[in-house]
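Coming up, as structure tokens: structure 1 and structure 2, two forms of one and the same protein chain.
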Structure 1
């Protein structure tokens, strides 16, 4: 990166008493990014976000936002705003007063406050609800008030703590795209915490996968999915078939790997220089499943019909059990594969991900 990053997190550690919440994180986030911190509960993602907001201070390391060291800078003096998981709307104020709150703290003239509040409410399509109280609004409307309140101050970074967790599924999917659209329009960097991998994949330009207070992998959604760097990431993001193997030879970017679970020696096209014992990941949609085609023989143990696709649990002759997904492209599938059918599975050397065990 040639331009200095908007946010630089350097060797940040956070301890609460004996508990190590964040165990040494280094991370750069650029301007205009929609960055997702993805992890399970207790992974340290929320603590990291709260340290960016200034509610918690790092035990070690430092955080630099737009060139300024944030050590000792209280939340009210930081160029960031946060959208809370609970929305944290002030129940004793109208929607307009909620949005105006941050601007009033800056001591701006009344007319400018009114204009900017109107703009922000227009942006989230809540102009008509300006005089309502938060408890008079639906969940989706509250979410948008919280958003308007957080962006009206034009922060350099918008922090979002599980922004859509409280919405039902349909609304959540629609709102994800609206948020992305808004982020592009405003050009503000978004840093979002989520435990929902679909949400992170849908929205983020880059994702940091966190586990036990550390960042396990940082990358674009495609990199994280197609090139996981560890079993943890492969397992955490999407479905993964994971096998163990041993590298036997390497030539022209092709690894030969002894993998008993996949019937002996397999090939992998990869740039990794892994040697010795390795883990092999093949995503379920990368397998081709057929009754007559070539490939490893196996038996279908179970079929999970999901509408758009089906998940086949296949017991291979080698003893391994794999999951294969297939789109249900044909409404009346003539060659339907059912439970108990003998099948063959094949895959290309391209779709094999190899990582150190």
Structure 2
């Protein structure tokens, strides 16, 4: 028997006047998942999160949480809690009072409030800062206070709206891993909205990519990156080299594709049944780049040094331009490739992603 999802979103539509913000979304989220809603501005991800929280109601469709239809259920009566991007801490209250506020409003006994606040602060490693005010904390600590306040009520679902957007890069990367570990320890579902694809790929067990109010693909980070189901997803997630082609033959799971940008006919190992015009995707790290290796000839037009890796913009003799990434494994690379160098690029047939055009 299949375990029912914790959250079921069925044909949900949300209109604001003439604006269609969410356009018929169907989605299941399991217990214990760290699920990311990923998309650009105006994709509908925040509206969908607000409907889960109860701040907005669907125009059509329904939302079910833990078997209960949320139609007409106000935010305070839902088994969810929300952590806002702004943190929304009370500046005149101590850390402990901020965390306790929701429990006090519920009228819980003082002893239970104290125990639960202490437990929540220990979980986020802020027990020693319980008596400080928000202005005495760093940005990362304020973020953890907001998280403690959200989990202290022991919701079945924690909703996070761009939770790390206000943090600098290093702190954001460290906090991402802390949140993942905390979610695993708590065992509750996290549903996170983000526009940052790296954040979604780092943290989420599954990702829903949204565009113009619709979910265009749902999958694990590896599935979304390695097996995009559309040109939009391939281009939105990470760097992608995308070419036009025409399937000419299939045999034993290998497609033969006419692709002028890549020098003529190429092969792709794929289970897709695509035929006729197709889009071809090859990620930058899938290319082998060298001065003497076999492959298509080209010229390096630019090199972008990113510390751990470099991105090479290569103009092929076919007229196409591609991006190739290489890890900077050696401090001094005797075979360094520089701007203006003649190079050759190659790839394997199983690194080619094929999708209908």
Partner chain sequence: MTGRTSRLLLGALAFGYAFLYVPILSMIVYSFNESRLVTVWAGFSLKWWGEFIRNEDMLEAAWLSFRIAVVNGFVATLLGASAGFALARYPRFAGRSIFSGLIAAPLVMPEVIMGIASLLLFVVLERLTGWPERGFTTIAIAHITFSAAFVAVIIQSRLADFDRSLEEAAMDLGARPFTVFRTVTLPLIAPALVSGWLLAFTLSMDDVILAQFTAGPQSQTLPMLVYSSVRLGVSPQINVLATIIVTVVGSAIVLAGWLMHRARRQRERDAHAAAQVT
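What we label the rigid core is the largest C-alpha set whose atoms superpose within 1.5 Å from one form to the other. Residue numbers count along the first chain shown, from 1. Every value quoted in this text rests on a predicted model; they were computed, and no experiment measured them.
Novice: Is structure 1 or structure 2 the form predicted on its own?
Specialist: Pick structure 2; the other is not the form predicted on its own.
Novice: When you overlay the rigid core, is the Cα of residue 276 off by 2 Å or more between the two structures?
Specialist: Shift at residue 276: below 2 Å after core fit.
Novice: Once the core is aligned, does residue 137 move its Cα by at least 2 Å between the two structures?
Specialist: Comparing forms between the two structures, the residue 137 CA shifts at least 2 Å.
Novice: Using a rigid core superposition, assess whether residue 264 undergoes a CA shift of 2 Å or more between the two structures.
Specialist: Residue 264 C-alpha, core-superposed: shift of less than 2 Å.
Novice: Having superposed the rigid core, state how many Å the Cα of residue 105 shifts between the two structures.
Specialist: Displacement of the alpha carbon, after core fit: 3.1 Å.
Novice: After superposing on the rigid core, how many Å does the CA of residue 92 move between the two structures?
Specialist: With the rigid core fitted, the alpha carbon of residue 92 is displaced 4.1 Å between the two structures.
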